[in-house]
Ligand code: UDP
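Here you get one chain, nothing else, as structure tokens; it is the form predicted alone.
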């Protein structure tokens, strides 16, 4: 079997997953969305109504030292986020729940999409990619193509792989600066690179407008500030993308065009 999969750890990400589910349906996805849901997850009834399969999950078995090193307060002091704002509901330890998908042996291949993303166009072709593939962490400069973003990736479940991950993950004093993202890039050093269009980070809209090629963009990922947050510092710059998310969440359609108004953005004559 093949499936899309996302992670819901609280009500905020439940709301995000609902928009993701609706965007996949609108894009004509051929495969279902599976939701890994922790005990604090929300919007599960609504997700079931959208045709999602819910699988209860929990954080991997992690040592007390590991949990202390990766607590929100510790991580934000040792490796602060300086490019954008992480919402208060974000708990870095929850990110490691993603690794549980390698235990999903009922599936031959999975496409993981973060719950703070929406699908703009059909991406079923991702299942044709070999595992492990992910897109670059590209949102500020073109120098970032060598860094992975774990918001979208293709994986093949394997209990042996999961056990090998845990053996590497929870070593004494080991600190994963960007949690699952840093770990996955370490664990899969030869990761294949997806085109950035399969995981376009929202800051591309104003930082790299020359890459904001609307007809080519497949998945929009709201990294840092979330579109349902009220009054965050980048609300004005990101207003068209925030409006787009709400349009999808409320069952609306993806617009035919959404150009970036910032300097360097391509025009129709450039294509």
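Just so you know, these numbers come straight off a predicted model, no measurement behind them. Residue numbers count along the first chain shown, from 1.
Keep in mind that the form predicted together with the named molecule is not shown, yet the notes after this line are about it.
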{"query": "Which of 90 to 98, 157 to 165, 103 to 111, 182 to 190 sits within 4.5 Å of the named molecule in the predicted bound form, heavy atom basis", "finding": "90 to 98"}
{"query": "Contact test in the predicted bound form: residue 223 vs the named molecule, heavy atoms, 4.5 Å", "finding": "yes"}
{"query": "Contact of residue 119 with the named molecule in the predicted bound form (heavy atom, 4.5 Å)", "finding": "no"}
{"query": "Proximity of residue 10 to the named molecule in the predicted bound form, heavy atoms at 4.5 Å", "finding": "yes"}
{"query": "Heavy atom of residue 135 within 4.5 Å of the named molecule in the predicted bound form", "finding": "no"}
